[in-house]
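Just the one chain here, the form predicted alone, laid out as structure tokens.
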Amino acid sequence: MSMFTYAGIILGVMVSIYIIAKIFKLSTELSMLAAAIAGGLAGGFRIPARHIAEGAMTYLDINLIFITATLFMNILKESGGVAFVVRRILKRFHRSRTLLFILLTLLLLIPGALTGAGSVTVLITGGMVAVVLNYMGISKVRTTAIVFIIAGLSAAAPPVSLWAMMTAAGVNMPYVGFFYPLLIPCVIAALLTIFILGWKGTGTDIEKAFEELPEPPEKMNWLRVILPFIIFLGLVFIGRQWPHSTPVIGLPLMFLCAAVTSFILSPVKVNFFKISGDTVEQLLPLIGTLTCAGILVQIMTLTGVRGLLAVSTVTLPVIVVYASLFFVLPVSEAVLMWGAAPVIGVPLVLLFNTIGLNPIVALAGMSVIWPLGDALPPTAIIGRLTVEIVGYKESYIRFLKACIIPAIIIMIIGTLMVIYSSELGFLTGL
């Protein structure tokens, strides 16, 4: 039996077990774990405990970033900082629809950009921004689409882009040079989304919006909101400006410093330990997905399945790969969630690197497209969460239809970034 046939049989077993597990309504995390164990058994490795343990630790650093960054955002929200910012922006700029849209877009981009999770954007600022959009005369379905699309883009935006980080780790590529290749398309696509879907609304009913928005504490001010961000960005700047003279403390500790600062500056008493527990509980599905994705990739490497996928992808006609990105990336995200990055992203980046494209810009382009799959069954995690938080109670299909135009724009942007990644390579050095 050839190695290709051997790896192909194991891949067939893993896919079959994954599908069966989903039919029995197991979670995506348990389905990936079952597929990994089945792959080990089919490959003659029984249950390889050492590889399962190693795989589970693959994305430990990324998990720590998610936990500490989300803890920071949750403390900021509980202390009233988020409500304070939303109300001040609405009060100051409600007469200018353009400026208000730009600032609301930034409010939706920041939580996901810092944490790498679109769900955090929906939970932290999504509900409050939705209130403002509703009272700007924007329909519920379009409001839901705006929050979902920008929340997805926030997860792809720097400094923490999960898909880019996981794929880069899979090809042993440093997570360096991604800032502008990710930032520019995410900001452009987010602004286009909110202007296209929201421009036909009416004037802002500021009084009704203020009645529904939460009231921040009296002592909350801009200094209490901004100082934790200054500390975080300062630590990042120091580490990059003087890399050889500064101890490497890592992003998790930087976010923890920002979280502690926000806790100390809070004008109201917040329970640090309760918020910490709630944060871990909130992120449990994400942590579970990353852990099981690591196990799955480790077993695929052990059995040769990962090599089979890489070789098969590299030998595909390039035009076919380009033409299928808009379909393959969102669907893989819908099925495997964040596990799509190491399973699909790694062989694609290897292919792009082989044919002379810039792997950083190409990966950034794919990372912009991937979040669209978070609204598609069977998982649809962020899509369902957005519908719940915004309070949209009509047809889910109607919500998906409202997302079509910005989704097409995002797919075009991401695909063009891949095709012209060599020409856009200068972005990595900015």
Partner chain sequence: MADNNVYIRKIILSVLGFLLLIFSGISFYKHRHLEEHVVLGEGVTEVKKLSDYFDGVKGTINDCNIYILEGKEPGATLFVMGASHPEEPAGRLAPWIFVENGVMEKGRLIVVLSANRSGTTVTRLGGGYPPDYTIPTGWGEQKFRMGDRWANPLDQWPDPEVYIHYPSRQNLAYVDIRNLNRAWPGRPNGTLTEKTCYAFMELIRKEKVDIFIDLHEAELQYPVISTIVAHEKGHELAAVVSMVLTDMGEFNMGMEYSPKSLHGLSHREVGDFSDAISLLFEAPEPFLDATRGKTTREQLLTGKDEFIVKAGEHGLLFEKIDENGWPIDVRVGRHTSAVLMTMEIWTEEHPDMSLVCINVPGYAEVIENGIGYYLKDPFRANPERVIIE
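Positions refer to the first chain, counted from 1. Computed from a prediction, not measured in an experiment: that's the story for all the values here.
There is also a form predicted together with the partner chain; it is not shown, and the following applies to it.
Exactly one of the stretches 249 to 257, 184 to 192, 101 to 109, 80 to 88 approaches the partner chain in the predicted complex with heavy atoms within 4.5 Å, and it is 249 to 257. The three residues A49, D61 and P243 all sit with a heavy atom within 4.5 Å of the partner chain in the predicted complex. At least one heavy atom of R306 is located within 4.5 Å of the partner chain in the predicted complex. The partner chain in the predicted complex comes within 4.5 Å of no heavy atom belonging to F326. Using a 4.5 angstroms limit between non-hydrogen atoms, G198 is distant from the partner chain in the predicted complex.
Contact between V176 and the partner chain in the predicted complex is found at the 4.5 Å heavy atom cutoff.
Interface residue among V225, V171, I206, V321, judged by heavy atoms within 4.5 Å of the partner chain in the predicted complex: V171.
Of the residues G288, G239, G127, P158, just one reaches the partner chain in the predicted complex with a heavy atom at 4.5 Å or closer; this is G239. Scanning 348 to 372 for heavy atoms within 4.5 Å of the partner chain in the predicted complex gives L350, L351, T354 in sequence order. A change of 3 Å or more separates the two forms for I62 and V120: their C-alpha atoms lie closer together in the predicted complex. Relative to this form, in the predicted complex the C-alpha atoms of I295 and L385 approach one another by 3 angstroms or more.
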